[in-house]
Ligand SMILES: C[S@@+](CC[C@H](N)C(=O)[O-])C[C@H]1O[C@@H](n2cnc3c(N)ncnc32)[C@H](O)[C@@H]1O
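Quick setup: one chain, the form predicted on its own, written in structure tokens, and binding and motion questions come after.
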Amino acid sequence: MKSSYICNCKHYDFYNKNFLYWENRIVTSDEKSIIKYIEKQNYKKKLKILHIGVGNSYAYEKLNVNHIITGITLSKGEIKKSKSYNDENYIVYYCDKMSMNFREIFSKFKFDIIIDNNLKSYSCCQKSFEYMFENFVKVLNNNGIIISNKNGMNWVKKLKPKISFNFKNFFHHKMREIDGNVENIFSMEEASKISNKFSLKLILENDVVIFSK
């Protein structure tokens, strides 16, 4: 399904090719800190967790015993990796979090936790970012949280298609990171403003940033 957007920014189409990205790369320290925070809470019930950008499925590996994990990504390589676990409860959708498709896919879903290591880093514009955040809040259960990382809020990137080569995959399609718009650095001041806009409580714990509904 081709992505559609509320803005007129340029967006690359990653849908028609099997783009590789993070499925075989090492998990970032940002994601590790988020997972450690969730594990420390010792939740007494099985939570529904939405992981934005599943990468190498590290979050699934660490949390699936106690919780139900759903994910999204623009990489069909990451989707293929997710299917290798043969877990019918672990579903990863092809979806750009900034797109209108997010609202369509998750119109009947509710989650207790949304994990997004870098909420604004890949944004095309402020309009789409706030649209994305509004959609996140809509799919949160009462007392649910959006959880991110302060380090991930302080860098910006864009993804563009690239044809690459190695002896394992030969010529293949890959998602390449390039420098993004510095206006997408997500300051704590902006985090506070957007928390107020959507009636959320902003919580900081070390390098973990939490928006609580």
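On a predicted model such as this, the values are computed, not experimentally measured, just so you know. In this text, residue numbers run from 1 along the sequence as written.
Below, we refer to the form predicted in complex with this ligand, which is not included among the displayed structures.
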| property | result |
| --- | --- |
| Partner contact for residue 120 in the predicted bound form: this ligand, 4.5 angstroms, heavy atom | no |
| Close approach of residue 28 to this ligand in the predicted bound form, 4.5 Å, heavy atom | yes |
| In the predicted bound form, residue 159 touching this ligand (heavy atom, 4.5 Å) | yes |
| Contact test in the predicted bound form: residue 55 vs this ligand, heavy atoms, 4.5 Å | yes |
| This ligand in the predicted bound form reached by all of 39, 148 and 213, non-hydrogen atom within 4.5 Å | no |
| Contact stretch among 137 to 145, 68 to 76, 106 to 114, 81 to 89 - heavy atom within 4.5 Å of this ligand in the predicted bound form | 68 to 76 |
| Heavy atom within 4.5 Å of this ligand in the predicted bound form - qualifying residues of 94 to 109 | 95, 96, 97, 98 |
